[in-house]
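To begin, one chain is listed below as structure tokens, in the form predicted on its own.
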């Protein structure tokens, strides 16, 4: 199986201005994605109830698309919940929010992504304590996702967005401490461009752990609109036999249709 292409659709009003290619209109976005030749869409919704499972199933069938993944970041953007907060009630709110997104996505065969909801350590919470909270949450949620028939995707972020796990070697070492075997890594090229000395080498370090890829340029614009070296990246992905999704989590620059077109052109050039 070869790498599959995907494009992001945000349904979150509070995230406007963020790095998602299509916005608010699922039907139009699915039609455009299919027209451009994408294999799948990745959906970012404000909560689980806002993921219209039946409509999405119908749209993706109609356009021969799949749902690559569903994002959980609405829990952070809207409610400011994350998994490392000092207050147990807030951590439970975060876990329950993620659990409900896992369940909604699983109905479409789509795994959930934990990115911004992982949180950070600060104030009364030490780094060790935060990683313990994260470990416990990923064990619990990873098993929940397994029971629902999907993996759970964890995304290391850059230092400006989280101070927990920023680099490939630290993330892989942390994964090895989990009890669950159902957590995979989202390798986001934008975050890696900030944190890694060499993105291709970091992808090799992640190796078999990668379950999803955010295919984007160095400046969070669509692939081909920055200074990313995709030849080396493609070579590393081939070496580790990566065969899942490469999804465009990019700014709609200069507009959504242009961003989607630039990404699929770069995908076809380097990854197809």
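These numbers come from a predicted model, not from an experiment. Positions refer to the first chain, counted from 1.
From this point on, the text means the form predicted together with L-Erythrulose, which you will not see here.
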Q | Contact residue in the predicted bound form, from 157, 137, 185, 106 (heavy atom within 4.5 Å of L-Erythrulose) | A | 157
Q.
Please identify the residue among 201, 161, 122, 132 with any heavy atom within 4.5 Å of L-Erythrulose in the predicted bound form.
A. 161
(Q) Please tell me whether any heavy atom belonging to residue 244 falls inside 4.5 Å of a heavy atom of L-Erythrulose, as the geometry stands in the predicted bound form. (A) no
Q: Report yes if any heavy atom of residue 220 sits within 4.5 Å of a heavy atom of L-Erythrulose in the predicted bound form; otherwise report no.
A: yes
(Q) Please determine whether residue 171 contacts L-Erythrulose in the predicted bound form, using a 4.5 Å cut-off between heavy atoms. (A) no
Q) Is residue 82 close enough to L-Erythrulose in the predicted bound form to count, meaning some heavy atom within 4.5 Å? A) no
**Q.** Region of this chain that lies against L-Erythrulose in the predicted bound form, out of 124-132, 185-193, 141-149, 87-95 [heavy atom, 4.5 Å]
**A.** 185-193
Q | Heavy atom contacts to L-Erythrulose in the predicted bound form at 4.5 Å, residues of 234-259 in sequence order | A | 249
